[in-house]
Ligand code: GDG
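So this first bit is one chain, no partners, the form predicted alone, shown in structure tokens.
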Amino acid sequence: MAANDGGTDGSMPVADDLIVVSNRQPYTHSYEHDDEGERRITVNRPAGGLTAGLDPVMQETDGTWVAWGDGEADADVTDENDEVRMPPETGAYILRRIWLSEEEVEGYYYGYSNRVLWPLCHGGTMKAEYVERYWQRYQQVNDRFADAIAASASNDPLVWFQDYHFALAPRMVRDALEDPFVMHFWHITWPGWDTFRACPQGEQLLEGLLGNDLLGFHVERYSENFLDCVDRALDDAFIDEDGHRINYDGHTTTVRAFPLGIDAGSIRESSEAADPSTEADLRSVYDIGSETTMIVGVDRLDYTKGIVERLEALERLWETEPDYRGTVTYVQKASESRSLIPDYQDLQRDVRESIERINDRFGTDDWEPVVYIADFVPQEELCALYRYSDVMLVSAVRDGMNLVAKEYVAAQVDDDGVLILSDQAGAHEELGEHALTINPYDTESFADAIVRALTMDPGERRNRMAALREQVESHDLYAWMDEVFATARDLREQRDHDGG
């Protein structure tokens, strides 16, 4: 395996023939006007998460990143091959942009990706809309990405797909190139067979994913679900359960669990930069008294996050524990998402109606039970909100991982917060021992867990949070990438040793 001397954190080599493939691009270009009214092009940089974490990796490799070009000025800065070197200061790697029409975006992204695969993988079979044009567009766009990858590839490339937008493309790339090493990380849950079998295109999805040499999921349960689905759907597949390998159509796919981490160091530094005046400013902005206990929730507005169920538990808390009226405020930071999809429009309405009901029922002239934040919050302010909140509620009804739970833990530099965590989130496998576990549908027990968090002994708080922080910091984003690349390196070397 070709490699540079550098690595994700300096600890291990990274392939210099790397092609990363994602729906979201790391940089976008847009227009803005200066004080004289002159229009100029600006660059929007990765704000955080996996995209920001992968960017320095790509800068080490002189590789290629293939993604949907959705910025208004993207086309003006790309060359005849739809490529531009990024970042602008160094031009360290190639960003190759795929242009999608409105019809393709509607069918591939809003359609099959988010109205079929998203609900299917999260157990919402009743929400899945198996519309033929969605499937056709998904196939077409996967084929276009595969063509772009083939055009960008050198000999023996390492191609790394991100997420559920590209279930078909790995097989297409394998058919197009002579000897690629193809790997894929599936960032959401993988359902059990009884759920997956409802998908009319299930066999094609599995065959596409079995074009990978390495297929990663967040937790072992999702890997086992995938193996079971292949075993039941594809008669010609041979399953090595002990080795987590699948042989199909003359090719072997290794399936592994790689729990995704966060950039814990960055979160910690932003949190440490906050001081008491920052807390005072936060409380002033959101009109929360200095002696009021703060509970926080930070979510994308998605029906998988259990926001309505969380509000029901809080309503039960204030209903049955009147001493917490006026003394406990819940802050909900929510980001609208996929608002063109009716299910998401319904959720946004339900959340706002629930908050209005609670505030009308319990609020006073001096106290608002639920503070709702819809505006963008920069990382520094978000980390301060994490740090100075006494309790974090993560009540997902189904979630592949839930990185917000880990962000809250990383920001708890005073070790005095309590994490309440749904047993339906992938993060529960790592954090459940020292968090307070809830079933998001059990409103009574959920409310009881909030009371327990609010009344927990300070020493127990510190011990629990210190253990959580050690887990999150030792299994951060860079440890995750090191493990993925190390596994790929070993498999690639074994393949080369065995003669392909």
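In this text, residue numbers run from 1 along the sequence as written. For clarity, every value in this text was computed on a predicted model and none was experimentally measured.
Keep in mind that the form predicted together with the named molecule is not shown, yet the notes after this line are about it.
Only one of D235, D375, D365, E80 comes within 4.5 Å of the named molecule in the predicted complex through a heavy atom, and that residue is D375. Site annotation in the predicted complex: the residue of L421, I307, A411, L260 reaching within 4.5 Å of the named molecule with a heavy atom is L260.
Note on the interface: of 103 to 111, 313 to 321, 127 to 135, 380 to 388, the segment with non-hydrogen atoms within 4.5 angstroms of the named molecule in the predicted complex is 380 to 388.
The named molecule in the predicted complex comes within 4.5 Å of no heavy atom belonging to R256. Though the partner is left out of this view, F196 does not reach within 4.5 Å of the named molecule in the predicted complex, counting heavy atoms only. Interface residue remark: S335 is counted as part of the site for the named molecule in the predicted complex, having a heavy atom within 4.5 Å. At the 4.5 Å threshold, heavy atoms of H218 reach the named molecule in the predicted complex. Of all the residues from 389 to 410, those having a non-hydrogen atom no more than 4.5 Å from the named molecule in the predicted complex are D399, G400, M401, N402, L403, V404, E407.
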